[in-house]
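Take a look at this single chain, the form predicted alone, given in structure tokens.
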């Protein structure tokens, strides 16, 4: 959505504050954002908030005290790429559906013909009101994209349909306006990333050099393709991924527990984390003191997460193998013994590949004995190519069946 000109229209719902997050995410993706607010919306969120988020003056009046008084909505009819009404009230939906143009919001929506998305938020009885239902049907028949509100607890303390749709669904809706392909829309993707830490004592631990960058890149790519993504991550220095459910863990055991909890509902599992193979057998509850005598640390095997979820998920499972030698042999062994659909091989001792690098070079193996090399590239591009490869293979399997 880089350099797209998007108008965000905020109308008078208690959910108006959530529009701030939509604006922030659009700006983060490189979009140019202009905000327009109804008078009622300004009772919930101050226009200074949106001005700061967009670095643009907020439009609030049809006849503002400016040299271009009254023409902003006409200019936008030409300059905009898309319009997003978030939140959209029953009042706004009914006005637009019936051609009413008596304020800045309804007048703008009557003039502009750009792709438009409405994200409704209101009391459940207002959503179920016959006038609202008729308005939604009219607008959908005219080609507008109207999301269904979420069901749950409302500001009135009642329960029902009326909550603003999830931010990820709003963002996917905006991507749909620009006809961005969303092959993972409606799918759940589980990603593991980063290292684990296994305590030796309260201040020391066993870990590895994994930065988590590959797993985070896969989570972002899956999100941009429409998936509902859960990212289970060990300790990293990376910022949280927007629109992704973040679960932060430290040990192999806690990561295994979270994977076991979430894998049954996942359609795709990308097991990218560098999980410890061995952990201290008896961690000390007190800090171990330095001694002049040599000492040894007793280790035991850590939980094998892939084996622990075997038979517990129907999702397509993609595992990573980090090697320093005999890579293809190890990848094929892992493919046959772990019950996964794909193994992605990369090398820790190859420059610009593996741990703590911005780039990676991988070879993908599947159960049919095929392999595909993805040449060294940035990890975000590798993530895009990997998901594309998996989706193509999955599609061919489905067609064959």
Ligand code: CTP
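Residue numbers count along the first chain shown, from 1. Values in this document were obtained by computation on a predicted structure and should not be read as measured data.
The same protein also exists as the form predicted in complex with the ligand; that form is not shown, yet it is the one meant from here on.
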message = Considering non-hydrogen atoms and a 4.5 Å limit, which listed residue (135, 273, 121, 171) is close to the ligand in the predicted complex?
response = 273
query = 303, 146, 242, 316: which sits within 4.5 Å of the ligand in the predicted complex by any heavy atom?
reply = 303
request  = Mark residue 199 yes when one of its heavy atoms lies within 4.5 Å of a heavy atom of the ligand in the predicted complex, and no otherwise.
outcome  = no
query = residue 320: heavy atom within 4.5 Å of the ligand in the predicted complex?
reply = yes
key: Contact label in the predicted complex: residue 333 to the ligand, heavy atom within 4.5 Å   = yes
query = Should residue 338 be counted as a contact of the ligand in the predicted complex, where contact means heavy atoms within 4.5 Å?
reply = yes
remark   = Exactly one listed stretch (217 to 225, 181 to 189, 265 to 273, 106 to 114) reaches within 4.5 angstroms of the ligand in the predicted complex by non-hydrogen atoms, and it is 265 to 273
request  = Pull the contact list for 203 to 236: residues with a heavy atom within 4.5 Å of the ligand in the predicted complex, in sequence order.
outcome  = none
